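In structure tokens, one chain follows: the form predicted on its own.
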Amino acid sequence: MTSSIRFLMCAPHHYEVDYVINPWMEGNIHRSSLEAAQEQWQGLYQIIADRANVDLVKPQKGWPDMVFAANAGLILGSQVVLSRFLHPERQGEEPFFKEWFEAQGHEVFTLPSDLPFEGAGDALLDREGRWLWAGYGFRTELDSHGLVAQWLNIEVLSLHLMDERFYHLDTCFCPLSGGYLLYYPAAFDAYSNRLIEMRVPPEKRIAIDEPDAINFACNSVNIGQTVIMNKASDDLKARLTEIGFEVVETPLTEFLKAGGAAKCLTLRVTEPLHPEPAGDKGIISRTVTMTGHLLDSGLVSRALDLIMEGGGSFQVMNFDLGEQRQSTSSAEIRVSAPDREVMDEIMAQLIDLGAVALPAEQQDVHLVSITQAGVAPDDFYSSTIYPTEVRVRGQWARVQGQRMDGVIVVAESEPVATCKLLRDLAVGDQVIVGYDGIRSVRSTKDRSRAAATTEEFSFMGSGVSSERRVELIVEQVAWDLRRLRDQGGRVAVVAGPVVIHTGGGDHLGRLIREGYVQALLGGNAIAVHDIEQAMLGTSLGVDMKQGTSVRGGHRHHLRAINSVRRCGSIANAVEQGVVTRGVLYECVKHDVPFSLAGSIRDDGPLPDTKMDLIAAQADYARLIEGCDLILMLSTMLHAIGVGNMTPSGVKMVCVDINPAVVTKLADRGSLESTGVVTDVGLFLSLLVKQLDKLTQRHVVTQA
């Protein structure tokens, strides 16, 4: 063959499925046929040899996977990056491939022994020579991409593999001549698919379905307009033929048992070199430190998981394990990401876990001036519930007014930072963009609490269950209520109308009357049905004592609304004797402020209900300021709204019969919240009884 194209292959003299290092090998140990494998390999060899030159490397006994020559390394011109195999079962192949490369006169680059990179199995050159597609996630570490880019002076586009069946990039991705791409999108994460779509125009993307993918249609050898593969569906063959490719099928079923096919069995030695200089090398790295009870709290595992799930990779540079259980540990982690967008997303989550950039890498925050009132730049930093510090002109400043989903504004004259809502931004405000110069300053105890097992009243970062003993939580809540009342603390209750429907109104009223509640938040409905019960003995027209509907009762809530509107306010209705009992009655009589936020569903509404949503939000925020504990009683929307405006450090107890509501609140990430899946009326009844017990104990103790 006179072609200038050359491939390296290794005969399957010692081929056998002898161990399991990928899903395809499972169930196939010692089930491969050497005779059939040699026949299939010879068929592939002949097809390639008819179109290109083929060099052979000598197979070595004891290394059955050496037949998959694609993993020998990555060649570009006279330079080779030698593979560093992840699994010991293949590491013995490295010196034999290195010897062959050096004998051919190649300059061989060797990666650190602890940095896996599996050659052209995970690194595929664009057929036009413009860039290198590089996979990571199973066999190759993302950190290796930076070195490959540097050594070969080529732009590297990193793709995150997500399906363990497609453990190497070449099992699901095949660049073709003319800028075409044959690939299986489901094998990649969303970011990688976006990257592919940005670089390859739609008319040149050939996305395949799972049946073709599992036949390793992407594990093909491309020589000019010829595509050599194990098997293709009629539809795929038709698509490739339509754009000018010749599809040559050759059975490679014996090698599929080990997780390889045509491409895996070959290494292209001659690759196109693009004359233009290399582009941006892409890989970004940051080093962070974490401190706390890292192992027993699971913080390290959570951090490493989110790095990988976010499309990055990590290297633990240093880990100082505390000598005793109560001692804190520290870890230094190097984080790598394929670009700034991915790195920013990862860093945002690591900051939430309490990670801090190394002093040498700490930078001031990036500030951008607002040019349109109420509108922030697209990459603004979105605040969390956790206490935060920002670095301004080399100094760390605590963010004031901490809350979730805000924008951080920094004063021009001095390093003062404040959380603002988007709608409150003014032209000229300096807002933080990106994630540089930001750190969470939660205490070690706060960062570790999610995994605590000794506290019954720890937040439910570990999950929400209707099976947990409600009585135990009630005991702790009662103890906290009593303690806060005696110490002058503040408790807010966020309540929905279900409190009234389930018979909990009397219990909530008693909590207010006895000084356990300092603010009540809700909507129009809880007030309407509370007042309806106080005036007419019904809630939604149902007699609260008999549990039966009252004739004409469906109009009772309107009668209640009308009576209060005649008085001008709930307070006036109480003072005039129209309302003589109930939750709102107790609020008025004991000077407990309340705020009612309206909605489009509201009848009336009551004159006290704020139908201006922005004004209602501001009023809610005012009433929860300085609170130590918030009870959220069967009201999903109001509870989530309050949760989002509450900084960490405030205990929250969410009670609802629907587990989804409790989970929704827990998902906001607070380490200070407990969920109780139970009937809210029962919860309040148990809570009042427990407070009575505490009072009796106190009396006995005093005696």
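Start at 1 and count along the sequence shown; that's the residue number. Please read these numbers as outputs of a predicted model, since none were measured by experiment.
Keep in mind that the form predicted in complex with a small molecule is missing from the display, and what follows is about it.
Taken together, 70, 121 and 139 are fully in contact with the small molecule in the predicted bound form: each brings a heavy atom within 4.5 Å. Note that among 165 to 173, 616 to 624, 128 to 136, 498 to 506, the stretch whose heavy atoms approach the small molecule to within 4.5 Å in the predicted bound form is 165 to 173. Although the partner is absent from this view, residue 259 contacts the small molecule in the predicted bound form, with a non-hydrogen atom inside 4.5 angstroms. In the predicted bound form, the small molecule lies within 4.5 Å of some heavy atom of residue 264. In the predicted bound form, no heavy atom of residue 686 sits within 4.5 Å of the small molecule.
In the predicted bound form, the small molecule stays beyond 4.5 Å of every heavy atom belonging to residue 694. A heavy atom within 4.5 Å of the small molecule in the predicted bound form is found for exactly one of 557, 84, 439, 90: 90.
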